[in-house]
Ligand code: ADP
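For reference, the chain that follows is the form predicted on its own, supplied as structure tokens.
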């Protein structure tokens, strides 16, 4: 994921496009309600001028009936104002909910199409967290822009024309009130963007240290190791750094704010001074003075509300830029057509390097896996076994070389094509806090196929576990938890349930004893007849069932053959197997 500068115009254009798609009807109603409130506001000023003029005329002897019409009109306006405000309030809330929901849909959809390797890069994770702010703030930012264009701007421009028609200088002084506040909000937007851009990593660390103190997944070890104090210290220090940066940015904004508000006050006082001067010179009457002062008061309040909303909008748009940057980034696109996994797999000169790493995790891998055969990948921790399986399945793309299914390079295909027909069970499988049935059917939750067959093949009985298919596998939600070995069998059943022509077991039996692991692999091979299967394990006693074995060391294949061939070779495989055999000697 590459960071790139995106212009404010492009951000705004995308924002309009996204919120329009979220709910065109809401967008239109927001525009109409904004124009309605703007028209009411201007009509109120004109009516008040007429009311003051009528009052002055009545005071000088005119018929009292002159005052009735503006009073009735003003009464109608005052009745319509709360109706308009109520409509505006409802539309604003609905606009945000629909817009935010759609933005999150886009946000989550983009993450779903990211390359797996992108999650290995800390900078990318920071970008995802910043994009989350955008998905929350974007609709509110655009809502303010719509109201600026169709509520504040028409209202302010109409009043400006009204004031200028009386005295041109009045229009100029209103500008003096507006500009300093606008400059302040532009500075605030820039500083907020820079702050969020730089502090994302620190914010994430602070939340992580807090999870180490509070989260259930860390609780046992935190208590057992008496490490609460340590993590609390890390949290405090990280939070202090975050707070220090936040206070620094607030101080800079405060200094600018004081200066700009002084200028704003000077502009307002200049307007009052001009009005007093015009009254003193007899240029305007007392009635007109009152009407102008009321209009200036209204326009000043509108300025303040508009500027406050503009500030909110600018901050929202600044955060939206993170989301737009994510959505505009390269996603994993490619051919959508099916690529069969029931064919030979070829790895040609494959190398792989993790982000921010100088050393290659895989080096010059050349390997062919015949369709319908079983392959065991063995080696010590850190030898590249799991990385190799991720390359084979298409979770990672090689940094050099190519992976082919048949004669088709896998990296040309989109995710839906890459992963179709592949199933896997990983050592760090997920324990979903869902029902037992949903845990198994997670790859195709709407499937009507029963789970019993997958459970039988995985050697697990729900009855023996004292649970049923609807039991939630989490005490946190009022259900029941399982042991490590029981969870591993549920995970294996999950892998078997998914339709596949290729299945990978990446050390999913670590919590099972070696003899039981060998039984699992044996039964697994039997039920995988005719399908390609790959076993990854550091226990070599389970590998003899495989059609073929490769031994990895420091990212390279150092030996390859059947169990018998590798034992005759008396190389690395032979040495590892002998050393592990000593563990079970009495």
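Computed from a predicted structure; not experimentally measured. Numbering follows the first chain given and starts at 1.
Keep in mind that the form predicted in complex with the named molecule is missing from the display, and what follows is about it.
Using a 4.5 Å cutoff between non-hydrogen atoms, residue 476 does not count as a contact of the named molecule in the predicted bound form. In the predicted bound form, the named molecule sits within 4.5 Å of a heavy atom of residue 381.
Residue contact check for residue 120: one or more of its heavy atoms lie within 4.5 Å of the named molecule in the predicted bound form.
Among heavy atoms of residue 361, some come within 4.5 Å of the named molecule in the predicted bound form. A single residue from the set 162, 294, 354, 208 has any heavy atom within 4.5 angstroms of the named molecule in the predicted bound form; that residue is 354. Residue 387 is the only one of 158, 387, 239, 435 with a heavy atom lying within 4.5 Å of the named molecule in the predicted bound form. The stretch from 373 to 381, 343 to 351, 92 to 100, 68 to 76 that comes within 4.5 Å of the named molecule in the predicted bound form, counting heavy atoms only, is 373 to 381.
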